[in-house]
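One chain comes next, on its own, written out as C-alpha cells in the form predicted on its own.
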Amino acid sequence: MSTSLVQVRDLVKTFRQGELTTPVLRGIDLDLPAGTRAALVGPSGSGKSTLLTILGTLQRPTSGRLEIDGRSLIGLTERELTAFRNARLGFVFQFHHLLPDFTAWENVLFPAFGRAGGATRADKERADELLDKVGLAHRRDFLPGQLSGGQKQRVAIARALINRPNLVLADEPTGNLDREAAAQVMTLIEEIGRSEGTAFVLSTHDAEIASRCPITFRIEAGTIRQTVAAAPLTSPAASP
C-alpha cells in the first residue's frame, strides 16, 4: 500500500474519434501526501482538466495506475466509483454552481442528500459548523443571489467538505474572483487543510495562487514535472 494519499503511475489518456487518435496525457507519474496542497499548472490544452477529472474518477484513463487512499481505482464499476467519489472526494469549480433557490445552508448540505437515508442530524450540524468555519454563519439563510462572488465560493468550499473528504479537487477556484477575494479564498483553503487534514489539488493559471501551495505539478504536452517547496508558503489570514 502506498504511503501517499494519491499515487499515479504511467497514466495515459488518449481520445479517439473515428480513426483519429489524440494523446492528451503521456505517462503521468505523481504523488500527493495527505493533508497538503498542490497546484496543477500548465498552458491551456496541456491536459490539466483531463488529469483533474481522472483524479476525480469522473473520467477513466486509457491505461496506467491510479490509487487514492490506498485503494486502486482502476477496474472499479461505475457504481463503485460513484460511492468512492461521494465518500472520499470533494469538488470546487471556477463557477460555484450553487443551487439558486437553496439557501447557503441548504447548498452546503446538498451532497448529504445523495447518501442512503438522506441528511442526518449530524450532517445538519456539520453544515452549520462548516458555514461558521468559512465565516458565513451570519449568511446561513441567504440565497446565492444575495451573496458576493467570494462568499459564494466559500459556500462552495463548505459544500465540498460536507462528507469529510480526504481530497478536494478545485478547478480554477479563484479564477472568477478579484484579487482580494481570491486571496481570502486561498487563505481559507490553507486553514481548512490544517484544521480538517484535507488535501487539495488546485488547477490554476495564477502564479501567486500556485506559489502558496507546497507542491506544484506542472503539465506540458501531456507530461508532468513535480516540484516540492522547501516549506509551505502562506499568507497572513485575511479579514472576514
Partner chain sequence: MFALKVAWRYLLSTRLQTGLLVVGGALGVVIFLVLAALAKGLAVTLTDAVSGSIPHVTIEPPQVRARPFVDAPADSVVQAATPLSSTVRAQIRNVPALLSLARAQPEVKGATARVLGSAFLVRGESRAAITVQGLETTDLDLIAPVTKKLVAGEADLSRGGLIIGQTLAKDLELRVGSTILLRTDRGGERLTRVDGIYKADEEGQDRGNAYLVISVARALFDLPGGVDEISLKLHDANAAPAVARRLRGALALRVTAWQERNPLLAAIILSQTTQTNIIQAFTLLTVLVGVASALLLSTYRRRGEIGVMRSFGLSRGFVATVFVFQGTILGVLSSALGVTGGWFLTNWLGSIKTNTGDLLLPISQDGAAYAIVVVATITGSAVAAVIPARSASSIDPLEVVG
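Numbering follows the first chain given and starts at 1. Since the structure is predicted, the reported quantities are computational estimates derived from the model, not experimental observations.
Keep in mind that the form predicted in complex with its partner chain is missing from the display, and what follows is about it.
Only one segment in the set 188 to 196, 26 to 34, 204 to 212, 52 to 60 has residues whose heavy atoms sit within 4.5 Å of its partner chain in the model of the complex; it is 52 to 60. Though the partner is left out of this view, R159 does reach within 4.5 Å of its partner chain in the model of the complex, counting heavy atoms only.
In the model of the complex, none of the heavy atoms of I74 sits within 4.5 Å of a heavy atom of its partner chain.
Within this chain, P100 lines the site of its partner chain in the model of the complex, having a heavy atom no more than 4.5 Å away. Using a 4.5 angstroms threshold between heavy atoms, N86 counts as touching its partner chain in the model of the complex. Note on the partner interface in the model of the complex: the residue among P165, G150, P144, P111 having a heavy atom within 4.5 angstroms of its partner chain is P111. Residues of 176 to 210 that come within 4.5 Å of its partner chain in the model of the complex, judged by any heavy atom, do not exist; none qualify.
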